[in-house]
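Here we start with a single chain on its own, the form predicted alone, put down as structure tokens.
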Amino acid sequence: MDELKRDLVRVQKHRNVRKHQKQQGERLHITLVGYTNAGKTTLLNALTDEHAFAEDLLFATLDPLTRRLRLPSGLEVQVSDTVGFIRDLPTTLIASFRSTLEEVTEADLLVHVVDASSEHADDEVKTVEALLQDLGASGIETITVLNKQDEHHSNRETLVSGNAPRIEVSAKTGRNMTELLHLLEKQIISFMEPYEQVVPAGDGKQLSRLKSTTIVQKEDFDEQTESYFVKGYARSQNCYVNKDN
């Protein structure tokens, strides 16, 4: 219990840093959720080429692990791993892990990782969806990732409710990782706003900032004005975009 309390204090410190970053509007945040042993940490490692602790254990991930991820357009986002959900999670245990689970409610986008090789995949999906609803996170944009396709030998469809986009991957072998990155970017665009901005050629810092904090879809150079015309998508509160230009 003493060790758990120390771990939870560390998690709370992590969340305080995340809350400050969110208030500053620095980066979009993607959070991985799913039933325990769905492969969330392995997927995080595959996406970000990092090597977080991944093991087949209940609650192997207690402290939310956060990595920086660059999407195909150049947009930099943060991706967090979270503790795996389990069926019939007692209310007292949910309260104990509240510091960890609240990370979910602050996400801009959720990635629901499903172990497609599990014989109980349908029930596990329902468990995660029910807990997300209990946490007040059911309204957050979600992508469903059907993981472990390298171990999936069944022809049955895994039950996933709603109209959330879905993709089959293998985090272990790297199958469809590039396609997943493009899907993440496509879903992020769906809740962004279009913008246009003129950037002087000498303002390389501003141009670089736009590329890392927004989704740049068009960049044309005008020789007469010696400036770049940039067009793309950004969050409405993004302080780096002047929508009056």
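A residue's number is simply how far along the shown sequence it sits, counting from 1. For clarity, every value in this text was computed on a predicted model and none was experimentally measured.
This next part talks about the form predicted together with a small molecule, which is not shown.
Contact with the small molecule in the predicted complex, judged as any non-hydrogen atom within 4.5 angstroms, is confined among 102-110, 67-75, 128-136, 80-88 to 80-88. Note on contacts: among 41, 197, 213, 31, the single residue with a heavy atom within 4.5 Å of the small molecule in the predicted complex is 41.
Scanning 176, 36, 206, 187 against the small molecule in the predicted complex with a 4.5 Å heavy atom cut-off leaves one residue, 36.
Remark: residue 170 counts among the residues lining the small molecule in the predicted complex, judged by a heavy atom distance of 4.5 Å or less.
Among residues of the shown chain, residue 123 is not one whose heavy atoms approach the small molecule to within 4.5 Å in the predicted complex. Taking non-hydrogen atoms only, residue 141 never approaches the small molecule to within 4.5 angstroms in the predicted complex.
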